[in-house]
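Quick heads-up: it's one chain on its own, the form predicted on its own, in structure tokens.
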């Protein structure tokens, strides 16, 4: 398992020096400043690679940009409207430029409008740490009463909708503004500039677009890009929906193992693969992460290892970011499944036998509480998670015990 670390670029408050001290082997990054639908040029890619390659004092870091997360898929592509064909052409051009620069793994997602959704970006835990949280009742209060989406109340259990009304009535104007800001933060690149009217406009564009239609659009997209990825030697890997259930009336098509299997079978190429995010998929109780790893193993190109604590047992429910070895996913069993797949790949002589992973998210602890880095991406919290994951990897692969079949 190849240890990587997500870096948001020169504005990231967690530096190249920090990840060097964490002992990671590679970097996950993206050109977030380039508008969705535009081409990532060779010059922009090289500029990011150069930044990854040096520490603050100018010393070489020895690190390389190894995984793209994410090369964004435009809303036009998802809806097959507007400039969607031009955007696919630009995506393919960007993929060629990335491969020419030596980058082989490209993560993307196919979530409409929201890249991810949380209602609290710094929820306080009993020990004083903070983490991101999705509270279903708060989200219902936002959807029904703040956004005022037509028909929203019918998308929640009656008890949740009723409690959301009571909670909304008790909110101050500041509470309402903070909740709306937290939810809108999941809009790609738009946390500070999107209004509620902007959100309503985006939602209207998806009105009456069924999950079956959206899945068809995804398959059309992959039918265009995956053959080129296969030719270039690029591994594409789709990130699951976060959270993995319907929100705001939007269709979701990458929430379960069956969703992945449908898309992998429809475009049956090794280049068409999976980002197995244990946290996103683990937010619903019917997703068996170790089993999914075992059954989808051949097409898993990238791993996000994190954990969540589900606060209810329904498919749609509240959850918060747990410690990496806490929460509902058996992380030891999941890593064991990954190591078995890596052994199998090595025996086959596959060049991609080492699967890149990153310690995803993390709780804000110690100096993280003062640093105020990108929500969900603390320095020390992720370092703690990486240390825990590294310990499991070492123990399971140690010759004294060996990897159990």
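The shown structure was predicted, so the numbers you read here are calculated from the model rather than taken from an experiment. Positions refer to the first chain, counted from 1.
This next part talks about the form predicted in complex with ligand DNO, which is not shown.
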Original post:
What stretch, of 344 to 352, 363 to 371, 63 to 71, 41 to 49, brings heavy atoms to within 4.5 Å of ligand DNO in the model of the complex?
Top reply: 63 to 71
Subject >> Heavy atom within 4.5 Å of ligand DNO in the model of the complex - the one residue of 307, 256, 137, 109 that qualifies >> reply: 109
Original post:
What is the one choice in 288, 120, 115, 76 with a heavy atom within 4.5 Å of ligand DNO in the model of the complex?
Top reply: 115
**OP:** Please check if residue 357 has a heavy atom lying within 4.5 Å of any heavy atom of ligand DNO in the model of the complex.
**Re:** no
**OP:** Give a yes or no for residue 320: in the model of the complex, does one of its heavy atoms lie within 4.5 Å of a heavy atom belonging to ligand DNO?
**Re:** no
Original post:
Is residue 239 one of the residues lying within 4.5 Å of ligand DNO in the model of the complex, judged by heavy atom distances?
Top reply: yes
Original post:
Does any residue in 1 to 28 get within 4.5 Å of ligand DNO in the model of the complex, counting heavy atoms only, and if so which ones?
Top reply: 6
